[in-house]
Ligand code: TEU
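Below you'll find only one chain, the form predicted on its own, shown as C-alpha cells.
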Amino acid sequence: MTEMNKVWWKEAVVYQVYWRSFYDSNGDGYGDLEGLIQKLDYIQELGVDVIWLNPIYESPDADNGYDISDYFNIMPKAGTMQTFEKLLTSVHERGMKLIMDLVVNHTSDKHPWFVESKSSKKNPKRDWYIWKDGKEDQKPNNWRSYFEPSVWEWDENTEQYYFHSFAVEQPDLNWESPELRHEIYRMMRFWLDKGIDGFRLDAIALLAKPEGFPNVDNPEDISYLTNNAGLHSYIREMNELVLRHYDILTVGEAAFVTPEEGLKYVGEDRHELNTLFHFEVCDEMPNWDMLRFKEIQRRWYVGLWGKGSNSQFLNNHDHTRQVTRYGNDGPYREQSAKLLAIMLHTLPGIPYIYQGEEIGMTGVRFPSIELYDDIAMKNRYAEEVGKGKDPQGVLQSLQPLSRDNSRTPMQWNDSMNGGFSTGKPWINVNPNYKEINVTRDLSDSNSIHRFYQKLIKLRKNNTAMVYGQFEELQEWAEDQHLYVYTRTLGDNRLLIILNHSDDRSFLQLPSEYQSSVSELLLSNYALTDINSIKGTIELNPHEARIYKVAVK
C-alpha cells in the first residue's frame, strides 16, 4: 500500500461545538461565543487540536444558522465580531485551531442578494439564484427537497418559481453565475485573512444542479440533487482562487458519495478539499449493523488509502447521539461510549468528537411535537399528519432520528438546566443531566471523559493510529459482534479488539499474536492479567482493548 503524506490536519482530533447548546454566558437561553471562550480550557484539557464551530453568521435562524442573511456579520444570539475575534485569539493562544462552518449552497431568503434577485426578472442578481417558469400550471419538475415536498416555491411578484434544496426560507445559489462565485470567494478570503484555520463546507455536493432539470422516476430518493456534472470544476476553482493560498483544513459535507465519488473531492492529486464527511453510516445505517459497518470501512479504506483522507464520526448536530443510536445507552452506557471512542479513533481517518459525546450524553424523547425545534422533523410531522396519519404514531416514528437528539444543551453539572443557562434554554435539557454531566465525569478517574483524554493522548504518541495501514484479522471479518484489526506503521503495530455486544464474547488470537503482544495500551475494563492474550480471551459486554504488538 502507498505511504501517506504527513500533514498537521491528518494528525488532528476535531471537537465540534454546536454553540447554541454549548454554554450560555448571559442567561438568554442560547449558548454563545462568550460561553465558548469560558469553556476553552475544558476543550483544551480534553486534548483536541481543532474546534469546528457551527454557523455563527447573521441569520433569521429558520434552520439554526444554516440560513445566512449576511456572511460578514455575527448573529446577535452568538455575539459580536469583537467576541469572535477574541475567541479566535484565545483558541490560538491555547495551541488549537478553529474551523468555521460555511454554507454556500444556499442563503436565507432575507439575504440582500435574494431580496434583489426576486425584486424583478431584470435585476442584475436575478441569476444569482435559480428561477424557472412552471409547466402548464405545474411546478417546473417533480423533485423533492430535503425539508419540503417540493424544491420549488412560487413568487407572486415575478411569477416564477425559485429553487430550494432545503426549506422554503433557504433559496439555492446559482453556481453557474461567475459573479456569484467570485463574491463567495471574496467572502471566504475575508474569514481566512482574519486567521481562521479552515472550513467545514455544508452541503457541498449540491452546488451543481442536474442539467435540464428533468422529472425523475422516484422523487423521494433525493440523491439526484447531489454530485452532478460541473460540481468538481467549481470546487477546483475555489481551491485555485482561495483554499490553496492558506495552510488550512477543509472538510466537505458530501451526501450520497461512494468511495469512488469521494476520491474526486479529496484525492491529493485533484486539488479540491482535504477531507470529507460521507454518510454511508449516519444517513444510510439507521441502527447498528456491524457487518455493514465493516463493509463500509473496508471500501473507504481501499478507495482512499494513500490517495486522500477520510473522517470518522458517528454523531453530530444532524444525527442522534452515538451511544443511543449505535451503542447501548442503558446498563452499558459507559463501556459502550468508550468502545465507540476507541473504534473511531483507531480506524483510518480524522476523528470528530461532538460536544457531550465525551461524557456519553444520550438521545432524548420529548413527549410532544411542541417541544421539538428541528425544522426538518416538524415539516415532516405536519406532512404525515396532514395525510391523516395518527399524530402519536408519527411522532414516535420521527423521534429516533430527530436532529434534536443531539441538540439538547451540554450537561455541565447537576444544577438547574444542567448548568447550561440561568435562563430558560431554547430547547429543553435532557432530563438525565443529574446523572450525566461534566462535573461528575471530571471527578471520576474512570469516567468516559477521562478515557477520551487517555485515548487522544495515545493517538498523539502513536502515529500508527494516524498513518498506519489498516488490516482486519480475517477470522472475525464476518463476526456480527467482534471487530478485530491492526494499524501498522513500520515496526509499530497496534491490535484493536472490540466486542460490540450486550453479551460476552470469546476469541483465541492466531499464535503469531499470542507470542508477540507486548503491552495493553488502553482498555475500558479493569483487567488483571493485562499483557497476556494467550489461550482463549473472554471479553465483557462492550469491551474494547488496544494492544501494542511486536512486528515479526
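For clarity, every value in this text was computed on a predicted model and none was experimentally measured. A residue's number is simply how far along the shown sequence it sits, counting from 1.
Just so you know, the form predicted together with this ligand exists too; it's not on screen, but the next bit is about it.
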Open item on the list: So, a 4.5 angstroms cut-off on heavy atom distances: do all three of Gln297, Leu458 and Arg545 pass it with respect to this ligand in the model of the complex?
Closed with: no
Open item on the list: Which residue, Tyr71, Phe147, Phe114, Phe84, is the contact with this ligand in the model of the complex, using a 4.5 Å heavy atom cutoff?
Closed with: Phe147
Task: Candidate from Trp143, Trp128, Phe166, Tyr265 lying within 4.5 Å of this ligand in the model of the complex - any heavy atom - done: Phe166
Open item on the list: Since only the chain is shown here, I'm wondering whether Asp32 would be in contact with this ligand in the model of the complex (any heavy atom pair within 4.5 Å).
Closed with: no
Task: Residue contact check: Tyr66 to this ligand in the model of the complex, 4.5 Å heavy atom - done: yes
Open item on the list: Taking any heavy atom pair closer than or equal to 4.5 Å as contact, tell me whether Arg407 reaches this ligand in the model of the complex.
Closed with: yes
Open item on the list: Please determine whether Gln170 contacts this ligand in the model of the complex, using a 4.5 Å cut-off between heavy atoms.
Closed with: yes
Open item on the list: If contact means a heavy atom within 4.5 Å, which one of 467-475, 199-207, 117-125, 410-418 is the stretch that engages this ligand in the model of the complex?
Closed with: 199-207
Open item on the list: Can you list, in sequence order, the residues from 273-289 that come within 4.5 Å of this ligand in the model of the complex, counting heavy atoms only?
Closed with: Phe279, Asp283
